[in-house]
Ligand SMILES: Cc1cc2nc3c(=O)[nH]c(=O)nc-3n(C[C@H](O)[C@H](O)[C@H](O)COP(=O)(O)OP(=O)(O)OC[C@H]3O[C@@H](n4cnc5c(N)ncnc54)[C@H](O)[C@@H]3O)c2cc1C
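Given as structure tokens, the chain that follows is alone and in the form predicted on its own.
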């Protein structure tokens, strides 16, 4: 038996994999990653590309499979059924019991399922785990022609793109008035809605699911409005929740997620929680206590690795960042961009005449920039983050905005092609806006 401590990580997503490698860089500890999903840690965000035939599963692996042996990190494919904190043991589905010295919980999320009749019918699927792909493939083999996706969000669009690639008609059932309106300002939400409509997706706004219809498999959905839609496939993408129910009787402090302090430690000093399953006891201003995104999970993995090896590194949420693609339409957000911008915040908004590119800069009434949202165009992350961290004045950000441009393919766009809206601030004839738009969106050398 090794005299080195045994550190077990439950979950092999980006959080767990990053933590394992970070620990190995600092320690000779015995490291085990337990997951019942795939043989090797993989990029969950790449599931749709596997389905669409653009990647094989090995292409989605976070690291070459040989790396784990090289680093002497044990990958164990099994499911954890129980945790005994006093004995420091885990019970596995195959009957084994493992002892740990320290434990990292990186169990991720699981899809939220609506409480309605028909939810267990064949033909009703979520998209989160690798096994969901196999389930979807199995249903599509039975000649599916119409699909209804419940809920918008990023996973909903991925599922829609997957189904459309197979020639299936897709309708989106969304509670809001336009796509992802609970997260995006009105103009950006409407831009994505238009883009999805161009891809042949029918968006049904202001509708909520009442029941999934069918006897032996799904035949349709009934909305609370009374509308009935026929469909041979129902995708459930109304959101995710921390995957923590297996720890509910362990005495760990669990709210929605596993509650951690600023060092990502739980109320048990030998147990850390990271990624989607972790909930910060005290989040930073204008930030959520659970942030289920890839970038957050990776950063948490790095910080937990440092702390489990004796550092006292505070986890700082830093500048919020997320990115996605809605078919071809790219989305990047930095900092604070709420869906409704209210005092003390205001925003400058610029949309290209083609309706497929926009920039929004959110700023405080004291003049400094707090957030940037780009649609259909790419910005340089470190520049945007520096502006927000340094509380740069809006005027300065506008004057230097061209330095953030990452897009080599901009065509000549003159000021007349752009529409600006700045509620409560300068008009669209503001010369600084004109020069901003002209310099930023003209062709770059």
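Because the structure is a prediction, the values reported are computed rather than measured. Residue numbers count along the first chain shown, from 1.
The following text describes the form predicted in complex with the named molecule, which does not appear among the structures shown.
For residue 266, is any heavy atom within 4.5 Å of the named molecule in the model of the complex, or not? Outside the cut-off, so no.
Close approach of residue 34 to the named molecule in the model of the complex, 4.5 Å, heavy atom: Yes, contact at 4.5 Å.
Even though the named molecule is not shown here, does residue 106 get within 4.5 Å of it in the model of the complex, heavy atoms only? Yes, contact at 4.5 Å.
Would residue 20 count as touching the named molecule in the model of the complex under a 4.5 Å heavy atom rule? Because no heavy atom of residue 20 falls inside 4.5 Å of the named molecule in the model of the complex, the answer is no.
Using a 4.5 Å heavy atom cut-off, which residue among 112, 98, 203, 246 comes into contact with the named molecule in the model of the complex? Partner contact (heavy atom, 4.5 Å) among the options: 246.
Among the candidates 234, 297, 173, 372, the residue which, in the model of the complex, approaches the named molecule to within 4.5 Å (heavy atoms): The residue in contact is 297.
Quick one: 10, 13 and 128 and the named molecule in the model of the complex, is every residue within 4.5 Å by at least one heavy atom? Yes, the whole trio is in contact, each within 4.5 Å by some heavy atom.
When the named molecule is placed as it is in the model of the complex, which of 285-293, 186-194, 361-369, 334-342 ends up with heavy atoms within 4.5 Å of it? Only one stretch passes the 4.5 Å heavy-atom test: 285-293.
From first to last in sequence, which residues of 75-91 have any non-hydrogen atom within 4.5 angstroms of the named molecule in the model of the complex? Counting only heavy atoms within 4.5 Å of the named molecule in the model of the complex, the contacting residues of 75-91 are 78, 79, 80.
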